[in-house]
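Take a look at this single chain, the form predicted on its own, given in structure tokens.
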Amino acid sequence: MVTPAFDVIVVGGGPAGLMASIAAQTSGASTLLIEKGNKLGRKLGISGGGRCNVTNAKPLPELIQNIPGNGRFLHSALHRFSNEDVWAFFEGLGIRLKEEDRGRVFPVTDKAATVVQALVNKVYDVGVEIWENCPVTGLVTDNGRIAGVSTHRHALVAAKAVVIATGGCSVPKTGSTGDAYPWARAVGHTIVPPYPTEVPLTSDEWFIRKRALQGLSVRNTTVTLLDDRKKKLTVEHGDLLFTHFGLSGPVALRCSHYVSTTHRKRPGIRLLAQVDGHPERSLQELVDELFHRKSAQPKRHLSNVLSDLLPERLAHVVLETLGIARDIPMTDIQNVKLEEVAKQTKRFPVAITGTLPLAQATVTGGGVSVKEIDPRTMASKVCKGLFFCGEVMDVHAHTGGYNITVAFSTGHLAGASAAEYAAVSSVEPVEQP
């Protein structure tokens, strides 16, 4: 017979797991944090380009709008531990934060290591027991409730409650390799097949294959994503980068959720991204400008005029896609053709074939179905004493501090809820397997 050694076990030492272990321990539960690798907070340490985008300062309704993957499921968690609470938590650890564009919040040091070290120090300070280099191999249950976990060294590490915070499948070098999916499935949970989100888009357009625009950045642009029926899937704003395989940059990553989810329903369909090559002007303003240039500079080549308004390479590709010679004088081109040039500039079409693979994604879509998780506590509806938080669940957000906010918020709620469950549960000793 084995008496539970811990009230709560948290599996996974990422942002959600670190926060969950702190919340559980400070709620009065004896807590064990198990990490399969040799370093806590590894993924947090590379987030935000190495600067750690701690949270996003936008109001909660707008914050939830930036969580396209089951954002409504997170209402309770985000109200219990909001982005403001995340800010206050880190400032309470002595980490000064600053708000940048689009509500993104970073440490004043601009170093992710500052945040990681403060969070890890807090885990130690509150008295959480930590086991590193200890891969968990499964969940141990007894009559429909959690009895603990098994590891590569122990048949049973007994506990009254277990919090799963192992992450998804993205950025596998940090340890996110989908470990918990078979464990959750084994106790009766449904796993929504993982898919890539916040990931670059692929295209087979001629100018992509020929690398005619590779490395070209379009700042503060608007990208409209359409399906094969011309239905508008999303309109996103931000910076865009043309690559040798398609589109990258923040605005492309924001579109990727809609590409992936559409392809899951209708595999192989081609989508269309319309890129605004001149976001500072409306279509009519651009038409008027070209008409004015034709009148004022009749002998100047169209390609040179358009290169005044667009990056030169993009101007050349716009003309080539319309079959217009670069060296045609302005006086020789009809106004209707100039209108076509303006339209192509404002709605530059890029056929989208899909996304890069999940291993190259920033965030994982799919995971443990939220239909089987209580949003008020993050508790499993299938197995008593089991809790989930972070990216292991079928929730995901855009980049910009939203995913880390979800990790901290759900981790805090799961840890506190697990401690509360452990405090009132009357767990009898279970037999050693």
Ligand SMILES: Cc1cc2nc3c(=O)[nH]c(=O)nc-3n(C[C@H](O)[C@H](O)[C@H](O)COP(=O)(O)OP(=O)(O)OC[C@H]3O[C@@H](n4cnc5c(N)ncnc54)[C@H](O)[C@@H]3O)c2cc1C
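Position 1 is the first residue in the sequence shown; the rest follow in order. The shown structure was predicted, so the numbers you read here are calculated from the model rather than taken from an experiment.
What comes next is about the form predicted in complex with the named molecule, which does not appear here.
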Q. For G167, is any heavy atom within 4.5 Å of the named molecule in the model of the complex, or not?
A. yes
Q: Look up in the model of the complex whether A16 has a non-hydrogen atom within 4.5 angstroms of the named molecule, and give yes or no.
A: yes
(Q) Quick check on P68: any heavy atom within 4.5 Å of the named molecule in the model of the complex? (A) no
Q.
Since only the chain is shown here, I'm wondering whether S176 would be in contact with the named molecule in the model of the complex (any heavy atom pair within 4.5 Å).
A. yes
Q) Quick one: which of 403-411, 60-68, 24-32, 376-384 gets within 4.5 Å of the named molecule in the model of the complex, going by heavy atoms? A) 403-411
Q: Report the residue, out of S248, T362, T141, S307, that has at least one non-hydrogen atom within 4.5 angstroms of the named molecule in the model of the complex.
A: T362
**Q.** Listed residue (V171, A158, L97, V187) with a non-hydrogen atom within 4.5 angstroms of the named molecule in the model of the complex
**A.** V171
Q) Judged by heavy atom distances of 4.5 Å or less, which residues of 38-71 approach the named molecule in the model of the complex? A) K43, I46, S47, G48, C52, N53
